[in-house]
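What follows is one chain in C-alpha cells, specifically the form predicted alone.
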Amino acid sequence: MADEIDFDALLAQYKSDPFDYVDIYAIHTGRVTFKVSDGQEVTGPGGEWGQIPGTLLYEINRERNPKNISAGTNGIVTGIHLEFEGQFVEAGEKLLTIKHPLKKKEIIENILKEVLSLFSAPETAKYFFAMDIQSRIDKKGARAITIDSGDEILTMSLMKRDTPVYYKGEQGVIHSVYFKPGVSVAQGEPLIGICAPEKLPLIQKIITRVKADWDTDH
C-alpha cells in the first residue's frame, strides 16, 4: 500500500544521490562515432519550444546515412562505452549514461510516482487528451477533473489513425500529466498519474515534507 511507503528512506536516498541516470542507446544499427567524453557536461534542448537541439552525443552511420543524436536532458556524461567507437553496433546497444541532477520539483514527481496510480501508454504513439477532458482541463485545471474506469480520456495518434483510449483503474483526480500533446511516448511510459480522493492529504504531506527538507532548489 502507498501509505506504507517509507518516505524517510526515500528522502534519504534522494539526499544521498539526487540524480537521475538516463541511459542512452543506439537508435538503430550502424557505426558509432562519439561526440562527447566521460565527465563532460551536456545540456538538453533549449529555446522557447525546445527547438534548439541539446549537446550532440553521438553520430550513427548506416549505409552512408549519418544521423546525429543529441541530449534530451542536462547533466554529466558517465559510463561511456568507448569500445564501440568506430564500431558497428546493434539497435538498442547501451552507449552512455547522462547523470542528471534532479530539481526539487522532479524529486517530488519521482516520489509521487510511488503513490499515484499510473496510467501508461498502451503503444508507442502520440497522445492528446480527449476533447471533452481537454475542454474541462482548460476551464478548471487537471486536478479538478475526476475520472472513472471506462471513461474515454485520451486519443492515441498512430500511423495517421486516431484511436480513443479508455481509462482503466481506480477513480480519482488527474494529479500529474507526464506527456506533451503530439510528442511521441514510448509504450509502457506513464501518461498520467491518478490520485484517489482519500490519498490527497498524503500527497500534500509528501510535497510539504520535500519542500521543507530540501535546503536548496538544485
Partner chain sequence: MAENSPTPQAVLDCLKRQVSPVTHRCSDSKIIRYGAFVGSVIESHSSLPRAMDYGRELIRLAADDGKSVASGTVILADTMSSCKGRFTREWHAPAGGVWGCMIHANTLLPQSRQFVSLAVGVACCEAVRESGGDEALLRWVNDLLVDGRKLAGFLIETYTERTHGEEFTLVGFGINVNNRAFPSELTDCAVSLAEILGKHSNLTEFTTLFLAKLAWCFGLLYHEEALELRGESFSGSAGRHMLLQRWLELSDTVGKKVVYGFDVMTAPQYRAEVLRVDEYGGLVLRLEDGFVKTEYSGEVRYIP
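Values in this document were obtained by computation on a predicted structure and should not be read as measured data. Positions refer to the first chain, counted from 1.
Keep in mind that the form predicted in complex with the partner chain is not shown, yet the notes after this line are about it.
Exercise for the section: Could you tell me which of 30-38, 45-53, 188-196, 169-177 sits within 4.5 Å of the partner chain in the predicted bound form, going by non-hydrogen atoms? Expected result: Among the candidates, contact is made by 45-53.
Problem - is_contact(F128, the partner chain) in the predicted bound form, heavy atom dist at most 4.5 Å - result: Yes.
Handout entry: Heavy atom of L158 within 4.5 Å of the partner chain in the predicted bound form
Key = Contact with the partner chain, yes.
Practice task
Spell out, yes or no, whether the shortest heavy atom distance between G182 and the partner chain in the predicted bound form is within 4.5 Å.
Solution key: G182 belongs to the contact set for the partner chain.
Problem - T163, heavy atom within 4.5 angstroms of the partner chain in the predicted bound form - result: Although the partner chain is absent here, T163 would touch it in the predicted bound form, with heavy atoms inside 4.5 Å.
Exercise for the section: Could you work out which of D138, E123, E85, E114 is the residue within 4.5 angstroms of the partner chain in the predicted bound form, going by heavy atoms? Expected result: So the residue touching the partner chain in the predicted bound form, by this definition, is E123.
Exercise for the section: Select from 86-120 the residues with a non-hydrogen atom within 4.5 Å of the partner chain in the predicted bound form and write them out in sequence order. Expected result: Heavy-atom contacts to the partner chain in the predicted bound form: nothing from 86-120.
Handout entry: Residue pair V183, E93 - Cα distance in the predicted bound form, closer or farther (3 Å or more)
Key = Between the C-alphas of E93 and V183, the gap widens in the predicted bound form (3 Å or more compared with this form).
Exercise for the section: Work out whether the Cα atoms of P181 and Y25 come closer together or move farther apart in the predicted bound form than they are in this form, the change being 3 angstroms or more. Expected result: Relative to the shown form, the pair is farther apart.
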